[in-house]
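Below, in structure tokens: the form predicted alone, a single chain.
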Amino acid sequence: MTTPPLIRIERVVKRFGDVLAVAGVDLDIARGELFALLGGSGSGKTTLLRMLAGFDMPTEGRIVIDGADMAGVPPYARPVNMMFQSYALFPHMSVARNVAYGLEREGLPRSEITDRVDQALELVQLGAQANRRPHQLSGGQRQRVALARAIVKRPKVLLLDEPLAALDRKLRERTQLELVELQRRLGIAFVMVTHDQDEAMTMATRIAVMDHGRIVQVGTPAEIYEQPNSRFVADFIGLANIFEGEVTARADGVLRIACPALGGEIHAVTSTSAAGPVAIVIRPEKFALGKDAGGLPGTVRNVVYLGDESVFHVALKTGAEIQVTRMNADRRDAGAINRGDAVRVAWSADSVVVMPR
């Protein structure tokens, strides 16, 4: 028997006047998942999160949480809690009072409030800062206070709206891993909205990519990156080299594709049944780049040094331009490739992603 999802979103539509913000979304989220809603501005991800929280109601469709239809259920009566991007801490209250506020409003006994606040602060490693005010904390600590306040009520679902957007890069990367570990320890579902694809790929067990109010693909980070189901997803997630082609033959799971940008006919190992015009995707790290290796000839037009890796913009003799990434494994690379160098690029047939055009 299949375990029912914790959250079921069925044909949900949300209109604001003439604006269609969410356009018929169907989605299941399991217990214990760290699920990311990923998309650009105006994709509908925040509206969908607000409907889960109860701040907005669907125009059509329904939302079910833990078997209960949320139609007409106000935010305070839902088994969810929300952590806002702004943190929304009370500046005149101590850390402990901020965390306790929701429990006090519920009228819980003082002893239970104290125990639960202490437990929540220990979980986020802020027990020693319980008596400080928000202005005495760093940005990362304020973020953890907001998280403690959200989990202290022991919701079945924690909703996070761009939770790390206000943090600098290093702190954001460290906090991402802390949140993942905390979610695993708590065992509750996290549903996170983000526009940052790296954040979604780092943290989420599954990702829903949204565009113009619709979910265009749902999958694990590896599935979304390695097996995009559309040109939009391939281009939105990470760097992608995308070419036009025409399937000419299939045999034993290998497609033969006419692709002028890549020098003529190429092969792709794929289970897709695509035929006729197709889009071809090859990620930058899938290319082998060298001065003497076999492959298509080209010229390096630019090199972008990113510390751990470099991105090479290569103009092929076919007229196409591609991006190739290489890890900077050696401090001094005797075979360094520089701007203006003649190079050759190659790839394997199983690194080619094929999708209908």
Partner chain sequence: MTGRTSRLLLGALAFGYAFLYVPILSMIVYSFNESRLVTVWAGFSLKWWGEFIRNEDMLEAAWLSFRIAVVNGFVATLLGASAGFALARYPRFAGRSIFSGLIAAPLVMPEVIMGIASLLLFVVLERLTGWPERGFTTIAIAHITFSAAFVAVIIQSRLADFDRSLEEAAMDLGARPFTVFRTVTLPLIAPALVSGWLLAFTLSMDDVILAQFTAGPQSQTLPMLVYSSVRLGVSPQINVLATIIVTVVGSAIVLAGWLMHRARRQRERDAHAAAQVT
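So that the term is clear: the rigid core is the largest set of C-alpha atoms that superpose within 1.5 Å between two forms. The structure presented is a predicted model; accordingly, all values stated were derived computationally and were not measured. Residue numbers count along the first chain shown, from 1.
Below, we turn to the form predicted in complex with its partner chain, even though it does not appear here.
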item: Sole residue of 253, 277, 75, 264 within 4.5 Å of its partner chain in the model of the complex, by heavy atom; value: 75
item: Position in contact with its partner chain when the complex is considered in the model of the complex, options 273, 138, 220, 114, heavy atoms within 4.5 Å; value: 138
item: Residue stretch of 49 to 57, 300 to 308, 313 to 321, 62 to 70 approaching its partner chain in the model of the complex, non-hydrogen atom distance within 4.5 Å; value: 49 to 57
item: Any non-hydrogen atom of residue 153 within 4.5 angstroms of its partner chain in the model of the complex; value: yes
item: Distance check, residue 82 to its partner chain in the model of the complex, heavy atom within 4.5 Å; value: yes
item: Contact test in the model of the complex: residue 127 vs its partner chain, heavy atoms, 4.5 Å; value: no
item: Interface membership of residue 102, its partner chain in the model of the complex, 4.5 Å heavy atom rule; value: yes
item: 4.5 Å heavy atom contact with its partner chain in the model of the complex for all of 283, 348 and 355; value: no
item: Partner contacts in the model of the complex for 82 to 97 (non-hydrogen atom within 4.5 angstroms of its partner chain); value: 82, 84, 86, 88, 89, 90, 91, 92, 93
item: Residue 93: Cα shift of 2 Å or greater between this form and the one not shown (core-aligned); value: yes
item: Residue 182 C-alpha shift between this form and the one not shown of 2 Å or more, rigid core reference; value: no
item: Is_shifted residue 134 between this form and the one not shown (CA, 2 Å cut-off, rigid core); value: yes
